[in-house]
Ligand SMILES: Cc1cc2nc3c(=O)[nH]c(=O)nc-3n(C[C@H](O)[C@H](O)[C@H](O)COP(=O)(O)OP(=O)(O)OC[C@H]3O[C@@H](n4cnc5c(N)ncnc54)[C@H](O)[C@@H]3O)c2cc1C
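The data below hold one chain only, encoded as C-alpha cells and taken in the form predicted on its own.
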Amino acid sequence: MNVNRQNGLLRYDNEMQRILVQNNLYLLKKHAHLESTEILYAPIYYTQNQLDFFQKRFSELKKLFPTAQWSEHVEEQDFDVALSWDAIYEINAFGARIYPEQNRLFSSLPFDLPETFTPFRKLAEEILPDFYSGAVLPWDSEVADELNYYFREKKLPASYLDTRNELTGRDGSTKFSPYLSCGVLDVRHLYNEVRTFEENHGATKSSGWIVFELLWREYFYWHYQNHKRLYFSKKGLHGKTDFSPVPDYSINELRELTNEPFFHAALSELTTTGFLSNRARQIFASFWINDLNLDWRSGARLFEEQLIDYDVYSNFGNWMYLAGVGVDPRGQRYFNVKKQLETYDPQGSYLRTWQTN
C-alpha cells in the first residue's frame, strides 16, 4: 500500500481517510476537503453543560460538512488521523496518529524554553508578528457573533484591564476560552482581531493584556512539552514523582465540607454554567488547597469534569502554580476569600447571584 501526504493529511491509497475530531475543530476547514474523507466528531465530556456546548459546535460543523457524524464511542482504525491535542490521555486514546498542528500561536519555538513565564513572555513577544497570515476564519456563527460583539459593537479591549477580574457579568473578560479550547476558534485569528482593534482604536496596555493572557496559554502548552507527566504528579515539578490515586469527590460531598459562602457560590456557578471567571478560579483553588487541605489534583480533575473551556495544559499548569509545585518561584499562593470579595465584588453581586444557602 502506498502512503502519501495530500493537503496536509496522511493519505492511504485505496483507503477512506477518517478524521477523528476531539478538540481541534479549526483544522477541519483547513484540511478536510477530500472527497473520501469521513469526519467523526468525538468530544470528551462529563457533564450536561459540556455536552450541550459540544452539540452546539456539532450543529455548526454540520453546516460546513453535512456528512459529519457525532460519535461518542470511536473504535480506532489503522488509518485514522486525530485532530486533537497531545496530552497523555489523548495519546492513550488515539496513539501516535494525532495531527501535529495545534491551535497555538507558535508552531515551534526558536529558543530554549525558560522555566518561568516572564522570560518566556519577553522572548515570545520578540517573535510575534504584526499579523498572522493564513489564520482560519471563524465558520461557527456563535463564534463570529461573539467576536463582533466584543471587538466591534462594544469595543471591550479598551477596558479589558479594568474589568478582567470581575466575578460577574458578560463583559468582564473575553469569554473566548471555550472556543479556543475546543479548537473552533483559531487563536491566531483572535490575535489578529486584537491587532486590528489596536490599528483602528490605538494600542493600549488594556488591549495588550489580552495578548498577555494568550501568551500564558501558550506558555503552559510549551512548558508541558518539556515536563509531560510531571503535570499530573502530586508533587508537580518538585520532589519525587507521586502518581498516587487522586481522591474523587461528588458535588454534594464538597458542599458538606465547608459553610464558606463563596465556595458554595462557586460550586453553584460551575455546575450550572460550566464556567468560572479567572479570578473566581484562583480564589476557589486557593480555598481548596489552603483552607480545605485537599489534593490539588482533585481540584484540577473537578475542573476537567465541569468546565466547558477545559484545556489540559492551562488547567493543570495553573493548579500546580497555586499549589506551589509548579512554575511560581514564590511558592504556594494564598488568597484570603474575604479580602478578595471586598476587592473584586464589593457590592456582593456574586454571592447574591450564586449563593445557594
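Residue numbers run from 1 along the displayed sequence. This is a predicted model, so every value here is computed, not measured.
Just so it is clear, the following notes concern the form predicted together with this ligand, a form of the same protein that is not shown.
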Next on the checklist: Exactly one residue in 325, 28, 61, 307 has a non-hydrogen atom within 4.5 Å of this ligand in the predicted bound form; which is it?
Outcome noted: 307
Checklist outcome for this item: Of 184, 276, 265, 156, the only residue with a heavy atom within 4.5 Å of this ligand in the predicted bound form is 276
Next on the checklist: For the interface check, one of 125 to 133, 278 to 286, 107 to 115, 200 to 208 should have non-hydrogen atoms within 4.5 Å of this ligand in the predicted bound form; which one?
Outcome noted: 278 to 286
Checklist entry - Is there a heavy atom of residue 214 lying 4.5 Å or less from a heavy atom of this ligand in the predicted bound form? => result yes
Item to check | Non-hydrogen atom contact residue 290 with this ligand in the predicted bound form at 4.5 angstroms | outcome: no
Next on the checklist: How about residue 231 - does it come within 4.5 Å of this ligand in the predicted bound form, if we only consider non-hydrogen atoms?
Outcome noted: no
Checklist entry - Does any heavy atom of residue 143 come within 4.5 Å of a heavy atom of this ligand in the predicted bound form? => result no
Checklist outcome for this item: Contact check, 309 to 324 vs this ligand in the predicted bound form, heavy atom within 4.5 Å, ordered by sequence, gives 309, 310, 311, 314, 315, 318, 319, 322
